[in-house]
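Here we start with a single chain on its own, the form predicted alone, put down as C-alpha cells.
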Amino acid sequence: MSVGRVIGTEKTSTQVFRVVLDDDQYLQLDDLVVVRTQVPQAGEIATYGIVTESEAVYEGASYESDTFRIAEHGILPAQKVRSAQVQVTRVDPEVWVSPDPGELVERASGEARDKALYADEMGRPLPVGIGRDGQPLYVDLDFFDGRKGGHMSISGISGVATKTSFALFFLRMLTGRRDIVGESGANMRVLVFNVKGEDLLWLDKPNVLFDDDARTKWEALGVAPTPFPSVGFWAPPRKKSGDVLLADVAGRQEGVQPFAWTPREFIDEGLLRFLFTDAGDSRNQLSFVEERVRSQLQRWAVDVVGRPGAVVIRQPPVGGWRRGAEVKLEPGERIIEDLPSLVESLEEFLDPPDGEEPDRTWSGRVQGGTVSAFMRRLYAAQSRLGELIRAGDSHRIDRATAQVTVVAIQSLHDLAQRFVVGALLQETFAEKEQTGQRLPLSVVVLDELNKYAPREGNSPLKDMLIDIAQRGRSLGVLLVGAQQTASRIAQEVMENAAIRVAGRLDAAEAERSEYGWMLPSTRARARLLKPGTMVISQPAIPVPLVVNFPFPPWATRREEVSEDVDPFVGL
C-alpha cells in the first residue's frame, strides 16, 4: 500500500531519504517501507528502510503566529504537510543508487518486510520481540550460539531498563523454539545468577497477573506462554544450621537445594584464587603469594580416614601423595573441615607464633608485610564466605538435573558472591575445554557484570570472563551479561558481544562511544524508553531495531505466584 512519495525538494542518498505522506496515510517510528526505482541499465532497484523520525509543518506559513491565522481563523492559505525520515536498511539488488524523488513509497509487508529486516537471509531467525506493526522481529541465532558470533550484552538504568526481564525472555525463546534452535538446543544448559532479591526463584510458577493480551503476544512469537518447564534452584547454606544443611532463602523453601564445597574440592580446583578478586590485588604481589600457597596446598593436603571431604596438611612423601590416598589423623595434627580451620593451618607456615619468619617454601621471597596482608584477607574471608566450605558429603551444584539452574547468591557478602561466580564459571569452562566440543551449549546469565569484569584493574575473575568472551563461543560457552553502564565493562568483554541490547539509558551514558552502534535518533529515544522496550543491534542488520517483549508468564516475586492448587483438597 502506497503511503506517499519520496520528497523532491532535497537530495536523497543511499543512506537516508524523506517521504511526504498522503493526506489519508501516516508513518510512525520504526515502520518499514520500500521504494522501487527504475535505474538505467540495472532495472528495478528496491530500497528498504525504517522510519527514524516523523515531522509535520504548515507550508505557506512564514511566521510562528501564522499558525493561528491558518488553524483558527482560516484567513491565510496554507497546506498541512506531514513527512517522515527514513534510514536505508537494504538495497536489493545491491546497486547502490539513491531512490528517485517522486517515487511511490509503500509499507513493507510480507516478503518485503522480511527483506527489509534481512529475515530472508537468516538461517535461523529467532524472534526477540514485537515490532510496531505487531509482527515478530528477529535476531540471527548464528550470531549468538557461536557459529558466526557469540554473547549478548544488555545495558540500562536499574529498575526501568528491565535488563534481567529481557534476558529471561530471551532464554525462554531460546529454550522454547527448538524448531529454530535445532541441534544447538539439545541438552543445552543455562546458568543464571540471582544477585538481587529473590526475584528469580519463581521461574517455574505461573504469574497471576498474566492476561490474554500478553498471551496473544507470546503465541505470535511461537512459544507457549508457560513458566520455564525445567528449573533447578540452589542457594548457599544457612549459617548456624548445625549438621543439617538448609538453603538460606526467605521467600521459598521447597525445591531449593543448598550448595557448598568440601575442603578437598576447594584445594583440588584451586578455588583459593577466587578469594583474591579485588582489582588491586594484582598490584601488591598478593597474587604471587596466593599462587604459591595454592600450589603447596595441592601438594601437601591428604584425605583423612573416615572424614569425607576433610583433609590434613602433611609433608608429602617422595613423588607426592597418591590421588585418593587417605591417612589417619596423628596427635597434634589439625584437621581441615572448613575455611577457618584451613586458615589456622596456614598460620603455621605463613604467620608462625613468637615472631618467627614465614616458611619461604609457602610464602616465596616477598616482604613480610605482603604475607601479613595475605593472611588478613584470609581472616576476613572466614566470616564472609559463611558455610560455603565445609566437610562432609559433596553438595556441589548439579547443572545436569535441570535445563535452567538458578544460583541464589543475593544473601552473600560481595566477596562470597565473586567467589561463587568465579568457581562456577571455572567449572563450566573447564568442562567444555575437556570435551573441546561446542555442543551442547552452556549459557551463563550474569547481572551486575561491571562488578565482576570492571574496566580498570585485574583479577582472576575478570581474566576468566575475558577468556570466556574471547574463546567461549568456539567452546559453546555463551555469556549474557547485564549492567547499568557498558562504559565500565572491560573492553575485551564488550568487543566480543555480537548482540547488544539497551533499555532506558542515562542521558550522559547514552552519549558514550560504547553506544556508537545507535543512530542519533535512537540515542535520543533510549533516554525515554518504557519498561519492556529495548533497542537491539546485531551484525545481520545495519541499523538497530526497537522491540517490545511481552509480560512474562512466570512469577517474578512471591506475590505474583498463581496458586492453582485447591488448598482444601484432601480435607
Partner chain sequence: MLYVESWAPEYGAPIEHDPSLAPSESVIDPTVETTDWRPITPESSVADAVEAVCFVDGVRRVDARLTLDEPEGPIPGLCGSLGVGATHWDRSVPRATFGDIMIERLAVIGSGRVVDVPPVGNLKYEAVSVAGTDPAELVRHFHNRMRKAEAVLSSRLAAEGHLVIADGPINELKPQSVIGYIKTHRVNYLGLEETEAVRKLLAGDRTPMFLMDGHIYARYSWYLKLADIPGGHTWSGVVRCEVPASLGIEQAAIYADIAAVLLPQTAPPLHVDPRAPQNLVPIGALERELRRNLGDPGLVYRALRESIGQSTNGAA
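Positions refer to the first chain, counted from 1. All of these numbers come straight from a predicted model, not from anything done at the bench.
Heads up, the form predicted in complex with the partner chain isn't pictured, but that's what we're talking about next.
Contact check for Gln28: no non-hydrogen atom falls within 4.5 Å of the partner chain in the model of the complex. Although the partner is absent from this view, Pro77 contacts the partner chain in the model of the complex, with a non-hydrogen atom inside 4.5 angstroms. Within this chain, Glu72 lines the site of the partner chain in the model of the complex, having a heavy atom no more than 4.5 Å away. The partner chain in the model of the complex is not approached by Pro539, whose heavy atoms all lie more than 4.5 angstroms from it. Of the candidate stretches 505-513, 63-71, 523-531, 45-53, only 63-71 has residues with heavy atoms within 4.5 Å of the partner chain in the model of the complex.
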